[in-house]
Each structure stands twice: as structure tokens, then as C-alpha cells.
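You are given C-alpha cells for the same protein chain in two forms, set apart as structure 1 and structure 2.
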Structure 1
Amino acid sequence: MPMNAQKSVLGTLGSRAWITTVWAVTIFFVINLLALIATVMTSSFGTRWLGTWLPAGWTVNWYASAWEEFQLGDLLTTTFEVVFAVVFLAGLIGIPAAYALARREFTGKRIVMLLFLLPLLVPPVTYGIPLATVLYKTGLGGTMSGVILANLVPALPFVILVMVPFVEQIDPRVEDAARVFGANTFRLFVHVLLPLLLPGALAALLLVLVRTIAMFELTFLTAGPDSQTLVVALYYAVFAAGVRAIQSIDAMAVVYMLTTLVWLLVALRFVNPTQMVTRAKRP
């Protein structure tokens, strides 16, 4: 009996230690992550920050200088033109495609599904280099259209793969009922399908929006000087660090963070954070 009691005490201690370690690692990670983001923010508001815990003084002037130096106004315009074009086209082409894939069984469907899965599995740099080569050959390289087309390659399959299970869970008898009551295709679409598809479509398109703002590799490989997005300009600024004040780059990084996080917050109202990585709709 005492042997058993001892064993269970040891067991409890062991599992306590295990749980504590797991939480310690998690908390350590989260603290470092938040401190990393806080460093960028603090630096962008500091006057001079050398060898101390906090900057010597506080200022907002870096934002004005970053706005001018990096032409943030133009960059933001380009970024949103690219992102909204990608979101619009991915929705326009992707949602009907997802509808067709969810409702019809046809020969070669497995190959089509594989075609939509591959751009999400192959890393962007791998297909981005041949894609950039083709775009530069056809004169689309370095233009806004080229950047939009390149970003559609992962965005369109993403919309399709999120939307297919969503369409599948809509009962097809709802559509049949509308037909029976004499709705033509247009009315069926506007009054029945659109309202039913809207929640899923909204979630899918918001996820595409957030992903496209942060999509570095494809834009980097295909953009020219006039078609750069914010994240690519940030890369060049950090790459050439030393040319500009570090606080100015940090101010630009904060502007980038805000544009991304605003949309992330909007997206998180409709989707679960795990959906950012799993691409599958969970009940």
C-alpha cells in the first residue's frame, strides 16, 4: 500500500512538472513575440534609442518623414489596388468554380482538384521564378497586372478550397424548391444562392485579403518600381538599412502592421484563428 501511494505521489508530481513546463514554454514564446512587436512600435515613436531600456524622448516625426521618404501614400494606394483586384477576381472566378465542383461529379474532377491544391502546397518561390520569367517574356512583368495575376495563383485555389465544403453543406433541395416555384437562373442566384453563400464567401475573401497584403515572395519576384506593395518596400528598406534612419523604417513597419491587423481583426469576427492555416471550414 505505501509503495502504491508513493508511486501515485510521484506520478502527480511528474504530471505537475510536465504541465508547468508546457505552460512556461508557451508563455515564454508569447512574451517574446509580443516584445518583438512592441520593440518596433517603441522605436518608431522614439527620438534617440541607444544603449538604454527606452528611447531618450518621444516623437511622432518619424511617421511624417517615413511618409515622405518611402512615399507611403503611393505604396498604400498600390497595395490596396492590387489586393482588392485580387480579392475581386478570386471571388468572381473562384466562387462559381467552387459551386460547380461542389454540385457536379464529372470526369477528371480529381485532376482539377489536384490542380487547385498544388499552388497551395508548392512554395511561392519555386513557382514564382518560372512565373516571373513568363511574365517578363510577355511584357507583364513589373506591371500592376502582372502582380495581380501572380497573386491570383495562390488566392484563387484558396477561395475554391474554402468554398467547396461550404457549398456542399447547403441543401440542394433549397435550389430545387426555388426552381419548382418558377425562379429563373438569375432570380435563383440573387434571391437564394447569394444570401446562402454570403457568410462563407465573406470569410474566404477576407482570408485572401489578409494573405495577399502579407504575400511577399510573389509580389517581390514580379513587381516593378511602380507596382511594389507595402511589404516589398519594407523588405527593400530593411535590406538597405543604414541608408535611412532605423526609426523611419520602424514607422513604415508600424503602418504595414496596422493595415494588416485591421483586416485581421475584421476577418477574425467571421473566422476562427485556426482557419488561417487549415483552409478547411470547421463546424
Structure 2
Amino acid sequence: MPMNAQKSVLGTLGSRAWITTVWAVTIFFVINLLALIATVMTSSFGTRWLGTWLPAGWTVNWYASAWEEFQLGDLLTTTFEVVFAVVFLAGLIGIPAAYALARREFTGKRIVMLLFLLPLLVPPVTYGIPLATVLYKTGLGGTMSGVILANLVPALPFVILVMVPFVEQIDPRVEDAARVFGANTFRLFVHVLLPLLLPGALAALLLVLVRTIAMFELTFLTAGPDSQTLVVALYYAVFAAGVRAIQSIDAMAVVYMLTTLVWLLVALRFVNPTQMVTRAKRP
């Protein structure tokens, strides 16, 4: 067999082996993930589960017990207050900032963009501890405002970095034409730019919403008794002293999982990752 043909055969076999390995690892990961989720959900509905494949009986009483014991109504209210406040402030500040960064050239622009990337690249605990120290020294630690400010640190750069490509794809001549017809800056932004930026803004803010619901580290470091979100309360429920029914904690975990899943599905309904990449690459 010629040398080129041998190399081609070996290359094909190597490619197939690599693809098979990737698929095998992916399937193994998905199966384990689904098994973990199924275990927690089964436990939350089981009456007694010891040494058998399935619980001895089924009940929904653990959800009522978790709702009363962990005050899930108050936790969900606090969670959504924090989340919607972070989303509102991130959009209010991040969209105009993204527009300024996309339209203006200035010295040190790349350094500024790098600084915006840092809260997304660095683990939250790295800057969360000094941030929490500052918040507690200023009296904001343990308050709702402190939790919102802490979660705004990674949320704002995320909005800016997502929105900059959406702003860059808008032809500046559209803005020039609007100014020619007498539009001031406010009317230009509200009536011209905002409708064009709406898909990108919706994508960024929905992803920020899902990210903030799941943000544990920063919320854990800055939350107080009256400003805990659901994910922090779940952590305390697992590691708190005393004897608690594992089924009740699992029911709380299922409520948290479903809350995040619902908003993630809403985000995916309006956000197409492929479309975002295409928009970002468009000149």
C-alpha cells in the first residue's frame, strides 16, 4: 500500500477513534447527570428509601414540609427581588456603556475591555472576599443592597461584552440619518437604537437573570438573614446542625432546580446561541 494511502487510513481511523471517545465521554457524563437529578427527585417524593431501587412509598408531603420549614415563599420573593434588580441595573448601565465602547475609540480601550473581562474570568471567591469586606465596612454587608451590588459586579461586564457586537453591527449611517431628520440623543436612542438592540439586550438580560439565580459565592459572602437567596438557603439547609429529613432538603433542591430550569428555558426560547455568534462575526 502506498505511503500516502497508509497515512490517509491511519488519519481516518484516528479521527473516528477521537469522535467515538468524545461521544462516549459525553454520553457517560449525561447519563451520570440525569441519574443524579433522578435520584434527588425520587427522594423528594419517597416516604422511605433504604437499600432498595425505589422508595417504599410515594408522597408530596415533603414539599409542603419544605415550604413551611425553609420558608420557601420568602426565599423565592427575595431571590426574584435580587435577580430583577440586578437585571434592571445591568441593563440600565450596561447597554449605554456598550454603545459608548462600540462607537468611541480612545487610548487604553483594549485595557478597559480587559478589565471588564476580569470578573468573568476570575473565580468569584477571588474578588468576592475583599468585596464582601468592603461592603461590611460600609454597612451594606448582609443587606439586600449589598447582595445586589455584589451580583452586579459580574453581571454588568457580561451585558457589556454581549452587547458590544450588537452595537457594532448597526450601521452608523442610520444614526446620522436620524440626526439629519432632527432626532436628539434621547429620541435617537429610544426610537432608533433601542428597537435594533432589543434582541441583543433581551439575550444578555435573560442570561444575566439565569446566572444571578445560580450565583452562590458572591451571594453567600454578602447575604444576611433577610437577604438570602434560594441557593444560599439550600446550602445552609444541607450543612446546618441538627437532624433534618433528607427528603425535605431534596424537595427544596427540586424547587431550586425547577426555578432555574424554567428561566433557562425562557432564555433559550428568546436566545439563539448560533445567532449570537453570527451577529458577533458580522462586519
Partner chain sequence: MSDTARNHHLPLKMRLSAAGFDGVTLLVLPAILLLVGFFVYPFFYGLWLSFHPKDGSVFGNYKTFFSDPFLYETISKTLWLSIPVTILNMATAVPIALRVRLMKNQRLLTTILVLPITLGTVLVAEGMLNYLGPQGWFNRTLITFGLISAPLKLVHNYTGVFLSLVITGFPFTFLLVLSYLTGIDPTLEKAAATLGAGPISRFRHILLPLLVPGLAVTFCLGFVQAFSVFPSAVLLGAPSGPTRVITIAAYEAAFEQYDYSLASAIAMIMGVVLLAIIGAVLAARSLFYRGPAGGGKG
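Counting starts at 1 with the first residue of structure 1 and goes up one by one along its sequence. What you see is a predicted model, and the numbers here were worked out from it, not measured in a lab. Superpose the two forms; the largest set of C-alphas matching within 1.5 Å is the rigid core.
It is structure 2 that shows the chain in the form predicted on its own. Once the rigid core is overlaid between structure 1 and structure 2, T77 does not reach a Cα shift of 2 Å, moving by less than that. When the rigid core is held fixed, the Cα atom of T138 travels less than 2 angstroms between structure 1 and structure 2. Superposition of the core reveals a Cα shift of 2 Å or more for R187 between structure 1 and structure 2.
A C-alpha shift of 4.0 Å is found for T21 between structure 1 and structure 2, based on superposition of the rigid core.
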